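Next up is one chain by itself, shown in structure tokens, the form predicted alone.
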Amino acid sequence: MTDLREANRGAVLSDLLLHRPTTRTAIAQRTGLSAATISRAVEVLVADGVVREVSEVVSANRGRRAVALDLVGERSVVAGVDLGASATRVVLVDFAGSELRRWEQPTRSDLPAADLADWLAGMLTDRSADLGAGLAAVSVGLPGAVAESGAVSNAPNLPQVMDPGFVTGLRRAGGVGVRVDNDVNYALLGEQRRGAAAHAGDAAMVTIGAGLGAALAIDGRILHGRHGLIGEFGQLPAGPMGTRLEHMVTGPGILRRAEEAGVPLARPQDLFAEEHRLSPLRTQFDHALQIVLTAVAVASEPEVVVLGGGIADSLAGDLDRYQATLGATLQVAPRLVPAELGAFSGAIGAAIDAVHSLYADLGAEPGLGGGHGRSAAS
């Protein structure tokens, strides 16, 4: 009987999350559960501080009034973190998913793994201390591949996160559940829920900056793989003499190739100035990016591909041209769009994952936007 009651409570909460605010009658109509079952489930959720009655609404049934239900936002606070090699971005949201605070600051990449974990945990604790509820969950996007086991690899720009002591230290120092995933996976989740890929179940994201990353989603679920290598298209040896694509399109790669070619560039973004449009260096970049986009398109047939990152920000005026070339190659092409959430795509996606992990703990069904990250091992 207890299992049945918990299942009913989870079903009611799942429906509320998708249709909030809503009424008991509306939940009954959508779920098929009896009015008595829903009333008992709501009583438990209210008693546990998960749900509250917020207002009266006029129903279609002879103008009778029904009481609307919604989440108790102040129940808890969660953090979404995008931990980059140069900058760390954080978004705090409440239990209802409403943003409370965001900030960006330089990453202490000079610290060893354990100290980096302590620095991050301390920052989160300090910056959330005045919000009433303590931190209930943290999700962290990392610049590397994250395996099912939680092990991190392919993180050359911030190698400390590959040390098992980083994630375990973060969990120990923070005192809460910590989930980790690839930073681009979280960026795609953010754009799917609140940005440029909203309402696109089949979507992808490509970020180009200090590194090259990609994330793929089918039917709204982000793909991972046992070792977290799905989307690591930068490893493809598709450039001249087997050069990896990552070295052809990223900021460090552009500067390295410009120096080899004797082309003076003060910064990677200068390659996209009009004076370099027909240069061999720009042609090589365009060709490499087309390989990346083609690989993404044939890997999962996304409806839309979101481009983000410091280099991608310079390509907004060229997206139609890239899309046309992609269409000529494949006969059909996904829409190419810039990220709407900007540099905070990853932190917002991580925050969404963190708050949905709380919903899952309460019995809500998966598929509501959470469950993408991997729980850190103890």
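The structure displayed is predicted, hence computed values, not measured ones. The first residue of the sequence shown is number 1, and the count goes up from there.
If you look for the form predicted together with another copy of the chain, you will not find it shown, but the lines that follow are about it.
Participant: Considering R172, R194, R108, H227, which brings a non-hydrogen atom within 4.5 Å of another copy of the chain in the predicted bound form?
Facilitator: Partner contact (heavy atom, 4.5 Å) among the options: H227.
Participant: If the cut-off is 4.5 angstroms on heavy atoms, which of these, G122, P237, G132, P280, is the one near another copy of the chain in the predicted bound form?
Facilitator: Selected option: P237.
Participant: Would you confirm whether the three residues N154, L216 and T329 all fall within 4.5 Å of another copy of the chain in the predicted bound form, going by non-hydrogen atoms?
Facilitator: All three within 4.5 Å in the predicted bound form.
Participant: Where does another copy of the chain sit in the predicted bound form: which of 97 to 105, 254 to 262, 114 to 122, 283 to 291, heavy atoms within 4.5 Å?
Facilitator: Stretch 283 to 291 is the one.
Participant: Since only the chain is shown here, I'm wondering whether G141 would be in contact with another copy of the chain in the predicted bound form (any heavy atom pair within 4.5 Å).
Facilitator: Residue-level check for G141: no, no contact with another copy of the chain.
Participant: Although another copy of the chain is absent from this view, report whether S300 comes within 4.5 Å of it in the predicted bound form, heavy atoms only.
Facilitator: Yes.
Participant: Considering only heavy atoms, tell me if G231 and another copy of the chain come within 4.5 Å of each other in the predicted bound form.
Facilitator: Residue-level check for G231: yes, a contact with another copy of the chain.
Participant: Does another copy of the chain come within 4.5 Å of any heavy atom of H276 in the predicted bound form?
Facilitator: Contact with another copy of the chain, no.
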